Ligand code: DGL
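Coming up is one lone chain in structure tokens, specifically the form predicted on its own.
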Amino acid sequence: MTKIGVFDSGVGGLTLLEEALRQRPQADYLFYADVDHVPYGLRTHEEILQYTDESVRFLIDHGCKCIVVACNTATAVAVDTLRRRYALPIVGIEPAVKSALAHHALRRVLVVATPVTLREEKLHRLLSRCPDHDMVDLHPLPQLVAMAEREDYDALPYLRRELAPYPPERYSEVVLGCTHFNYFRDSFLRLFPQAEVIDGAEGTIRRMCSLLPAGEGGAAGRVAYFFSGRPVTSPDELARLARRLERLRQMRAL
């Protein structure tokens, strides 16, 4: 059975795991959250590259045949280096700007992400290749990562303050450029009721599936969880992960 590694700085990567379990349920998964170093969005370029490389090597050493970098910040900083370094499929996630611009009509697109993702050259190269890239506004939301990590989903006061400069009627698309932000999809929908709120999870996992052999038949595979290399076996921690996956399913259904 194919073993796939899903890596993130924290629990935001469960967004990609949840989507992978939906699209490719027969695979085995290793989910690696680098909780010792979260949030990556406030780390230096060199730190992010080091932590990402260490995590990916761990997953390869544990038999993964494909890696999903389920972190926009780590993708922006490290994915090109990882692909040069390792001879297996490595799939990164990027803000779904291209898709948003294809549907924006005459209104603007708002991209929210971590400070590092918005600062890195990878996003700006992506924007430069998109028609109408001048219709895109970028705004960092660094506090959302910490809120998601502690299961604090009361984000409306923070988002109202941060996003006050962006009148909701001006926007047709809001792009969630950090996987942690999916826990707060309900809040974004309340603030931008006329906009579509999108992320890159579905397209990323479609890309993952296209790089792998055809799906195996039979029963669903297994998921093993690791926090910065330590296996997660505590019933309390496993219950917290199950709660978070359920939260993401609820957010996807909105």
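Note that residue numbering begins at 1 and tracks the sequence as displayed. Treat the numbers as computed from the prediction; the structure is a model and nothing was measured.
Although not depicted, the form predicted in complex with this ligand is the subject of the following passage.
This ligand in the predicted bound form comes within 4.5 Å of a heavy atom belonging to residue 145. Taking non-hydrogen atoms only, residue 41 approaches this ligand to within 4.5 angstroms in the predicted bound form. Contact between residue 109 and this ligand in the predicted bound form is not found at the 4.5 Å heavy atom cutoff. Interface residue remark: residue 178 is counted as part of the site for this ligand in the predicted bound form, having a heavy atom within 4.5 Å. Just one listed stretch, out of 167 to 175, 70 to 78, 128 to 136, 152 to 160, contacts this ligand in the predicted bound form at the 4.5 Å heavy atom level, and that stretch is 70 to 78.
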